[in-house]
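Next up: a single chain in structure tokens, the form predicted on its own.
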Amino acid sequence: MKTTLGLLVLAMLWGPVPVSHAQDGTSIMKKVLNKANWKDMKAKVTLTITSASGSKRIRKIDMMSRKRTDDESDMLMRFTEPADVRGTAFLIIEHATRDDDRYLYLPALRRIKRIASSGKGGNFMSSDFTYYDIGKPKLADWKYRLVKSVFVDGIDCYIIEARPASPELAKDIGYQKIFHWVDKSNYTIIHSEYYDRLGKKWKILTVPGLKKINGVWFQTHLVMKDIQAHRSSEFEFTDIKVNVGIPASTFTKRALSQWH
């Protein structure tokens, strides 16, 4: 939540400040990706998809996640509303040294679809988040560069440039590079800019909501804007509960089609 992420407006002016070389981009992103102090969590999620014309589609989701190791976690998202998507479920099983397993259960077809590596760049449930965006990126998937430090709206941030570590990944996800704004005080991403394979700015992620729960910072509201297609998608997380003892059997392919 995915790692799980107010509002920063790019039109605001910021000034660069000297960067300390005590940390590099990789070490900073390692702290971002490997949050401590939580074993599992669950939440209610609202996904709002806004088209270029302004029409909205709203989806309600039950989400659960757990950490297996420092580098591996599982996440299940099960759609509860509206009726046409009720029972649809998405499962990610992360692996430290190989591609993650991604499965989509489609109740109308009564089948489980595996999302292949080449499909990671596909739109998740017709939103502006891809299947890859939903999961936690692997540290080794990217080459990170610390660009500079900036103050934005009073927040001291690192700007980290991330580029795919392989041509295969770049092709699969459709991103040439991503810039992340990382809050130095809690190592949480509060803003990201995504560029397509031609180097044109494609999407902007903002994080209007951050909340500290049981000592862990969670992104509680994420907005992804596709500035090329003039549309956007939002995830809003409520009723977040941490360390509740979710059984491992919840995060299995067999359980994916079962309604709880």
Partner chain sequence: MKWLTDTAIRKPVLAILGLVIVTAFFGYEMRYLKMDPDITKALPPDLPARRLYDSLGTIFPSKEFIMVLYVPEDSLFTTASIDHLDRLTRELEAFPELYKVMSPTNVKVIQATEDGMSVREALGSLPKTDDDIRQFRDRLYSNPLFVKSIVSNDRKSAGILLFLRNTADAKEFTSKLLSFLSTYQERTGEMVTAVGKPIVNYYVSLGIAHDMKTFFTSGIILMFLLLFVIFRSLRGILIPLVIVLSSVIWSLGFMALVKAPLSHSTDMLPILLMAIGIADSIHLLTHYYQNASRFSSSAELMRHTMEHLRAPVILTSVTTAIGFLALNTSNMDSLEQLGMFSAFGVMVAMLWSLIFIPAVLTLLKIKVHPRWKKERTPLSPTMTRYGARLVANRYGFLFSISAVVLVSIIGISQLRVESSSIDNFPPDHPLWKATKIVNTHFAGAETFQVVIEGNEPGAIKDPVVLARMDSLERFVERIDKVGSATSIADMIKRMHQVMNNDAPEYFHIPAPVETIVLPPTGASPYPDTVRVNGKDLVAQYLQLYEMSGSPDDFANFVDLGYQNAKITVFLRSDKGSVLTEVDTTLQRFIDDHFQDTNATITGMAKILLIVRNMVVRGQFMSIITSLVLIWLLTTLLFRSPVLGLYCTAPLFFAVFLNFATMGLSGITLSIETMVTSSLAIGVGVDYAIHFIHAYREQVRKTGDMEKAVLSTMGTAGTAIVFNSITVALGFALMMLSTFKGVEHMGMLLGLTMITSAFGALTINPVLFLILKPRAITKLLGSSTGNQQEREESIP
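Under this definition, the rigid core comprises the largest set of C-alpha atoms superposing within 1.5 Å between the forms. Since the structure is predicted, the reported quantities are computational estimates derived from the model, not experimental observations. Residue numbers count along the first chain shown, from 1.
We do not show the form predicted together with the partner chain, though everything after this point is about it.
Proximity of Lys143, Lys184 and Val244 to the partner chain in the predicted complex is absent: no residue of the three has a non-hydrogen atom within 4.5 angstroms. Look at 207-215, 25-33, 193-201, 38-46: in the predicted complex, residues with non-hydrogen atoms within 4.5 angstroms of the partner chain sit in 193-201. By the criterion of a heavy atom within 4.5 Å, Ile93 is excluded from the residues contacting the partner chain in the predicted complex.
In the predicted complex, the partner chain sits beyond 4.5 Å of every heavy atom of Lys148.
At the 4.5 Å threshold, heavy atoms of Asn123 reach the partner chain in the predicted complex.
Within this chain, Arg57 lines the site of the partner chain in the predicted complex, having a heavy atom no more than 4.5 Å away.
Shown without its partner, this chain lists Ile115, Ile155, Ala170, Leu139 as candidates; in the predicted complex, only Ile115 has a non-hydrogen atom within 4.5 angstroms of the partner chain. Taking the rigid core as fixed, one finds a CA shift for Tyr105 of 2 Å or more between this form and the one not shown. If you fit the rigid core between this form and the one not shown, you'll see the Cα of Met77 move by 2 angstroms or more.
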